[in-house]
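What follows are structure tokens for two forms of the same protein chain, given separately as structure 1 and structure 2.
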Structure 1
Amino acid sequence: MASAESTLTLELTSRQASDFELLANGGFAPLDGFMGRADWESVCEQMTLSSLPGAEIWPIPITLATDFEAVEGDVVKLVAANGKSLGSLTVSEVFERDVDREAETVYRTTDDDHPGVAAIRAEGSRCLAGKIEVEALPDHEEAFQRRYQTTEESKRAFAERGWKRIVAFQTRNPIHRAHEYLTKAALEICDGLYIHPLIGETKQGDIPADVRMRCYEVLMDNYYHPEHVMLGVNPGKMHYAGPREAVLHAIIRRNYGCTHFIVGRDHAGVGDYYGTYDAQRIFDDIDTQTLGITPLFFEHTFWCEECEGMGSAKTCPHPQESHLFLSGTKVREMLGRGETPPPEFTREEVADILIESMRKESASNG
């Protein structure tokens, strides 16, 4: 759309605004704008940026796909859905991406039922590339804004606490006992834990980000040492790209100042598109020294009745009959009935927040 002054103005979708924000706040360093064809091809085929020396590792294309009419040399004003001016894009290239090829290489499937594949198909193939100029960052709800940090702010906060080894935990769900166990295990070898939930667009059915924030905060208040834990927010969107997204999540946390990154079971996965530990195995082919952050791999963890505590296949010798396992479906059914899952699975404080949220959702839906 064009204004009366013939200024080119593009309203970004929520997914595009998430990418803009990580470009703007340093989360996507060394990128300074939306990728062109050469980088798109190099990322899809080789997981590297062609435009930078040293074969910089990069796993997922960051492109601005739109049917907006612009040509090379145009300066396009970028605005959020609420009309807030965010900055501008100087168009260096307009190109057509091969959506099927991106789906095959990045998501390992062309199945439209995959939410990441569905998203890039909906965006289309025509892309605008170029550097961005930043005027402002997108707005967020107060629950997120008070925990918001740019990459420079998080690094400064770590330094003020005297943390040198910082482990980041990526999550898009409330933290249950298994997550609590592995974050504390990782914290034993680090100075601080950075709980860094994703607050950008996820798939339908995921728990709302504001509800998740309350769950993180109640856990921090009651079960983590306040001098060794910090909560931030990652404005990124979910791609559900499994192994490749695990690498992207690690890069983002490196840029936020973390030295270690937790990669657990089925990281950034969805359905049965990826193997249980594919997101860990991808790091076998990556020079983590070049990547700039150390991945920490964790097995699936559970409560063992015989051990009387949390364990994994590495630490627990007892048969599966001794292990407490509740599927996500079963937990949602219990919460929907107002039943608190057993304390071996989730903290009561977290369950109370989720039950209240589900009751409100049910009431609003009639």
Structure 2
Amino acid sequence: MASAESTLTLELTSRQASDFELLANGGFAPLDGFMGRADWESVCEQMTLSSLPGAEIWPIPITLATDFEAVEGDVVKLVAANGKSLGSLTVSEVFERDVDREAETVYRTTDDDHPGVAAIRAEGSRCLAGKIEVEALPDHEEAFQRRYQTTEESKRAFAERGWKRIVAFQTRNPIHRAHEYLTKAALEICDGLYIHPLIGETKQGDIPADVRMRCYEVLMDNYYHPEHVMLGVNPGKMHYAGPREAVLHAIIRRNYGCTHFIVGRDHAGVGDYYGTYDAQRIFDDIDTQTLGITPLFFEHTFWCEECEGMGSAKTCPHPQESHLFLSGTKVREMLGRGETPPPEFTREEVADILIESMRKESASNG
């Protein structure tokens, strides 16, 4: 009679739901639940999982920090913010994490201005650990949902296409010519490209889901070969942990079935907390054979008038005056005025979508 009241139900925040989802869909394999103290500590200190043989590499703690009252042995029902029942957590441990120590080891700073550090501080130190049971995956906006694949689904799709070498590209923004170039340079040595935008929480409000996805789709329709490109979504959230997060991004894509992963300059960085190449150098100490995915390191790329082609500081010898460079602010201003940037910077089809979206936005604001 009192059974409904006695059921423990925790409504996950968007960030917690993001972790749940990657645990549930295979993106965080071999993890099968939220980490306990031993794993939390070994991840922070050694970047490995203590609970698994071979000291498997893991760069960022996946913990469920919450004030929710529960004790070891409890089964906690997990629901999304929209009330959807997702599954349950069997609590194996309740522990206090040292947030400063996590900040220092994982984020390399305890500065509250760092959005990742601010986020773990806001979450607090009390963590519930344990295996999860999965009932359903969280819902997403239609634009993301139509491209949704679990890790099993992406792996099957790659196999059906006969792809053996698959390079994944992590992105949070529309793809301009510079990133098109580096995805294509990587694709030249692979069989397939997996464009895998992150759709979990980021620090920016920025571009609406549908606009972002249509930017990818119009580019795929016009400038990528349909037999060699696929678009999925990564429900992960951003930590802005730079080097450590580059490793997490690589692990997630390994789990989605990719063999190569693009790591650019200052990958997953923010402000100037990390050196430009820290997110590439971290892989120097990692056996990528064991990691199961090969990182491909790229520089910033640009159109060069003298090369009459795309290049980087590694492949182009010409002075900066020959390089087409537009700042993010400048490009937003142009698009806001309805101007298309040069096609060597942004494909016209992508610019059109962004211009239209900005028009609608300013119309609804004005």
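Because the structure is a prediction, the values reported are computed rather than measured. Take the two forms, superpose them, and find the largest set of C-alpha atoms that agree within 1.5 Å; that set is the rigid core. Start at 1 and count along the sequence of structure 1; that gives the residue numbers used here.
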* To do: Please match the form predicted in complex with a further copy of the same chain to structure 1 or structure 2.
  => 2
* Asked: Has the Cα of residue 13 moved 2 Å or more between structures 1 and 2, judged after a core fit?
  -> no
* With the core lined up, does the C-alpha of residue 339 move 2 Å or more between structures 1 and 2? -> yes
* Structure fact -> Shift in angstrom of the residue 360 C-alpha between structures 1 and 2, rigid core held fixed, comes out at 3.2
